[in-house]
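In the block that follows, a single chain appears as structure tokens, in the form predicted on its own.
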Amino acid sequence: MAEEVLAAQVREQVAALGTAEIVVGIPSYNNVRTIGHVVRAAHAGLLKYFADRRALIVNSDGGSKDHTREAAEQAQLDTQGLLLVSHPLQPVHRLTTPYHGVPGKGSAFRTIFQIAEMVGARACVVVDADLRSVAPEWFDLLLRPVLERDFDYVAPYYKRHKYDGTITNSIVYPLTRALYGRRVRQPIGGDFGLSSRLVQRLLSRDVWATDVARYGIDIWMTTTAIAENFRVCQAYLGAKIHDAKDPGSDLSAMLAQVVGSVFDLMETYSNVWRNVFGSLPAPLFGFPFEVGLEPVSIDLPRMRAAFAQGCRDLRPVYEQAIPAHILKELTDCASLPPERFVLREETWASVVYEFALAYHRRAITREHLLKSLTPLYLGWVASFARQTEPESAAQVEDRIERLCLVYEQLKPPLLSRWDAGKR
């Protein structure tokens, strides 16, 4: 039985509602501008697609100071403008609750999952509170594979600008795919559908008071589902419109947190990924359609300068983590003029694997190691952006797929050195 974290008042509220087949969770923190839209979209989706199923919408708030909770409670759920497939047979209940424990998204998820378990929900969907592009159809796409096709985990599949999500595109997607053998395009997308079976499994794990819950909850859920043989699929949701940032701006902490979580999971599931070679597609539900995307601008000169400075100033760190021939290629690249600035795919994938090995053997302090990755990451993104500037989104996606194949091809040497525990 998972540790109980729900306050007594919340347990009483949930008990008074009885059972529910569906729980929609919306973690929030200072999202007053968008939370009402997300709640209304969830309510409309439940009425339109699951009118005959009892449902509960849970806003799990992390202590917002901007009246997010009040906005969620006051969202006008007016369905007059909807064309409903059938008349609603069950009301959609709402519950707004503070979460407790380690600050971060994971604590909100734990609250939502415990409520889902308490009401006996067959399916749970969690969506971000800052979404501007969420639509009622999202809830059908994230829930129906669980309710009608017996999938345990539905990951989102978005159309994104070619320079949006560069941490996912250059590290998390190709590395997770190479390690665990499943092509889940957005493993840290933020919007997911889960079965009761997977919810119970996640609640039973002893990670909720750790940095995984603080920083890496999305990639932990995705990796757990794949590595432990739950049935995994994807749902095409169109555009995810959010406050995208320049990939070179204020990302050192985020990069360290996400990559650190991936590296920690490599140790947890080393007995799984050591036996996986190649990759298989994950089923995709929904109809892929073209969407308008908000542009993402990047500052290439600043990113190249950060890369060059890192190669100079952090050389003693890199010498403990990266073989000499790879480090030479990096430093040579740092001195190239902008029009010739290129990092090879093999070089970048090798860098990521070398950092994973250094993290595994604790070559240096893990915090310092992860933070030192930022300049090299900026160099890769700058190189990738320069080469893809004239290319279409489809062409860029082909490049990302080629990068994934490079990761897969370089996995056997990683495995042999991982077991040996030495360079």
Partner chain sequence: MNEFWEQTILEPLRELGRQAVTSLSSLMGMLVLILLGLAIGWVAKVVVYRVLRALQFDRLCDRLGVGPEIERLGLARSSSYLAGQIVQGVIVLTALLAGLTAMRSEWTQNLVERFFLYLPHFLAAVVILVAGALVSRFLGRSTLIAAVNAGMPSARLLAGLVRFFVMTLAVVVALDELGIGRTTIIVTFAITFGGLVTAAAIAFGLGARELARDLLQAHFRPTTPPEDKDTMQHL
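All of these numbers come straight from a predicted model, not from anything done at the bench. Positions refer to the first chain, counted from 1.
The next section is about a form of this same protein that is not shown, the form predicted in complex with the partner chain.
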>> Taking the partner chain as it sits in the predicted bound form, is Arg177 near enough to touch it, meaning that at least one heavy atom pair lies within 4.5 angstroms?
In response: no
> Is Tyr163 one of the residues lying within 4.5 Å of the partner chain in the predicted bound form, judged by heavy atom distances?
Replying inline: yes
> Arg302 near the partner chain in the predicted bound form, any heavy atom under 4.5 Å?
Replying inline: yes
>> Under a 4.5 Å heavy atom criterion, is Thr68 part of the interface with the partner chain in the predicted bound form?
In response: no
>> For the three residues Met254, Gln309 and Lys371, which mark the spot I'm curious about, does each lie within 4.5 Å of the partner chain in the predicted bound form through at least one heavy atom?
In response: yes
>> Heavy atoms within 4.5 Å of the partner chain in the predicted bound form: which stretch in 355 to 363, 46 to 54, 31 to 39, 388 to 396 meets that?
In response: 355 to 363
> So which of Ala213, Leu314, Ala75, Leu147 reaches within 4.5 angstroms of the partner chain in the predicted bound form, heavy atom to heavy atom?
Replying inline: Leu314
> With the partner chain left out of view, which of Gln200, Ser297, Ser270, Thr331 would have a heavy atom within 4.5 Å of it in the predicted bound form?
Replying inline: Ser297
